[in-house]
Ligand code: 76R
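Starting off, we have a lone chain in the form predicted on its own, written out as structure tokens.
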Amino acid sequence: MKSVQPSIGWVALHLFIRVDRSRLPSEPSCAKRVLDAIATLETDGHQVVMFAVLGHKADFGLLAVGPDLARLQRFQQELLLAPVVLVDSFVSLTEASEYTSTDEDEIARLASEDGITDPGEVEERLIAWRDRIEKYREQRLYPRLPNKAAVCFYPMSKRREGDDNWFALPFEQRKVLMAGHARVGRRYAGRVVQLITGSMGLDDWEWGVTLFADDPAALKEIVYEMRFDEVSARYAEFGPFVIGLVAAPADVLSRVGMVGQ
């Protein structure tokens, strides 16, 4: 199958997998099969984060990110040749936020918050600001997955009920609301790394949220605090949450009983 690549951004494929322990004794090479599939995908220019899942929803999960839908589909089938069962999945694309601040927004902020109106100083500040925004946009579209101890994933959609219809709000109102929502997230910079991917037309939910942190308490705190923000409190619907421990693929397979089989 030929390569199928989005015109902008990458594909994000979340897979949640249960080990079929009844098959393990008769398939002694199953761990190597999984490890080889991951290593080959990474050689082909994709990234993989693997994690051992806590709770009953799966034994382990993978987040694979990269440019090619066809390659990721083949990777999924390679994994399923092992003694495992795919119990859930999520397909999405990386995306840049449509609510990102513009030059005009930053000029207004410099005047109102910092009292800076001199054209020369404004332009100097804008140069540095544009560089930060470009790096932020690049990371949103083409992320480098972080090395953190824990990961949390959940899908979400915006509510469309009566007066609480997100998609009926004017763009400027949505932009103001999202700016407040983003300010909450920025307070966790350094503690939580967020990957927001879009799934409209690709999956049952509209966005996927993947949070990485070394401190599991930080995952709980950021979700709790954001629940009080109007974007979440009034307009958001959430799907099931999955929490996992990130480790090297061989370590994850050992935790779930596949290494040595």
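Quick note: we count residues from 1 along the sequence shown, nothing fancier. Just so it is clear, the model here is predicted, and its values are computed rather than measured.
Another form, the form predicted together with this ligand, is not on view; read the next lines as being about it.
Student: Where, among 188-196, 23-31, 43-51, 60-68, do residues come within 4.5 Å of this ligand in the model of the complex by heavy atom distance?
Tutor: Stretch with heavy atoms near the partner: 188-196.
Student: Hey, with this ligand in the model of the complex, do Y136, Y154 and V223 all fall inside the 4.5 Å heavy atom range?
Tutor: Yes.
Student: What is the one choice in A182, V91, L126, I116 with a heavy atom within 4.5 Å of this ligand in the model of the complex?
Tutor: By the 4.5 Å criterion, the partner-contacting residue is A182.
Student: R109: heavy atom within 4.5 Å of this ligand in the model of the complex?
Tutor: No, R109 is distant from the partner.
Student: Within 4.5 Å, heavy atoms only: does K158 come near this ligand in the model of the complex?
Tutor: Contact check for K158: yes, within 4.5 Å of this ligand in the model of the complex.
Student: If we define contact as a non-hydrogen atom of the residue within 4.5 angstroms of the partner, is V87 a contact of this ligand in the model of the complex?
Tutor: Outside the cut-off, so no.
Student: Does the 4.5 Å heavy atom contact test between L211 and this ligand in the model of the complex come out positive?
Tutor: L211 belongs to the contact set for this ligand.
Student: In the model of the complex, which residues of 50-83 put a heavy atom within 4.5 Å of this ligand?
Tutor: Heavy-atom contacts within 4.5 Å come from no residue here.
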